[in-house]
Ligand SMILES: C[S@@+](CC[C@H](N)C(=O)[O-])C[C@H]1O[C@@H](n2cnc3c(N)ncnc32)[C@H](O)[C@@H]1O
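Let's start with one chain on its own, the form predicted on its own, as structure tokens.
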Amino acid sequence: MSPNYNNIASVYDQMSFLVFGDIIMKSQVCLCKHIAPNSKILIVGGGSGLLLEEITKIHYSGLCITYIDSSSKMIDKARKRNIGKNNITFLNLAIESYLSNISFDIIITPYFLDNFNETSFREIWNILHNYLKKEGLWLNTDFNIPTKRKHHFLLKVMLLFFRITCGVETKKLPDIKKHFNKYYYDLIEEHNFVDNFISSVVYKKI
């Protein structure tokens, strides 16, 4: 079940910056160069929409974006962003409830897939996989399973906080990379941040 970030929507961006500085946004923006003109894009769990403004700096018009978030307050904030002349449909719902005949050129999941336990992750992944065109790109940014003690502790604190405030169900991260590597996808590009605690990856559906 997708979490709901309504309880912390007003302070989420400030909290992220307090803990990680500008890395959260940098880790997402570094993938945007892979967005081709006139793409059909599905963004899931985009939060307050800061990424939309960064995408608009690259493509002021021509994009058709479906923007999904389960938090109504995050959607309200995202609607106020500068989107240029791009065509954006904002949907306040969980991805599990989204039904469409559209196939997308690009799917973007910024810090979204790490919200789920292994079982739910597989279900969500399959839903998104079916919406992506063959040879489409999946731009994913997430926390990695930590290898350093300090990151292991930080992750436990983060997951506990988000479980209490937002209903995040998982107590440990799913092995996201392993799943992509095993099924249907080629690794196109990868960037790592914070001593490999965060990864930004572009996958191509084959």
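If you're wondering where the values come from, they're calculated on a predicted model, not measured in any experiment. One-based numbering along the sequence shown.
There is another form of the same protein, the form predicted in complex with this ligand; it is not shown, and what comes next is about it.
inquiry  = Residues I106, G136 and I206 are flagged as a possible site; in the predicted complex, is every one of them within 4.5 Å of this ligand by some non-hydrogen atom?
reply    = No, the whole trio is out of contact, none within 4.5 Å by any heavy atom.
query = Using a 4.5 Å heavy atom cut-off, which stretch among 58-66, 170-178, 39-47, 147-155 contacts this ligand in the predicted complex?
reply = Selected range: 39-47.
inquiry  = Please tell me whether any heavy atom belonging to F112 falls inside 4.5 Å of a heavy atom of this ligand, as the geometry stands in the predicted complex.
reply    = Because a heavy atom of F112 falls inside 4.5 Å of this ligand in the predicted complex, the answer is yes.
message = in the predicted complex, does E118 come within 4.5 Å of this ligand, counting heavy atoms only?
response = Heavy-atom contact with this ligand at 4.5 Å: absent for E118.
task = Would you please decide whether I95 lies within 4.5 angstroms of this ligand in the predicted complex, comparing each non-hydrogen atom pair?
result = Although this ligand is absent here, I95 would touch it in the predicted complex, with heavy atoms inside 4.5 Å.
key: Contact test in the predicted complex: A78 vs this ligand, heavy atoms, 4.5 Å   = A78 lies outside the contact set for this ligand.
message = Could you pull out the residues of 53-82 that have any heavy atom within 4.5 Å of this ligand in the predicted complex?
response = Result: I68, D69, S70, S71, M74.
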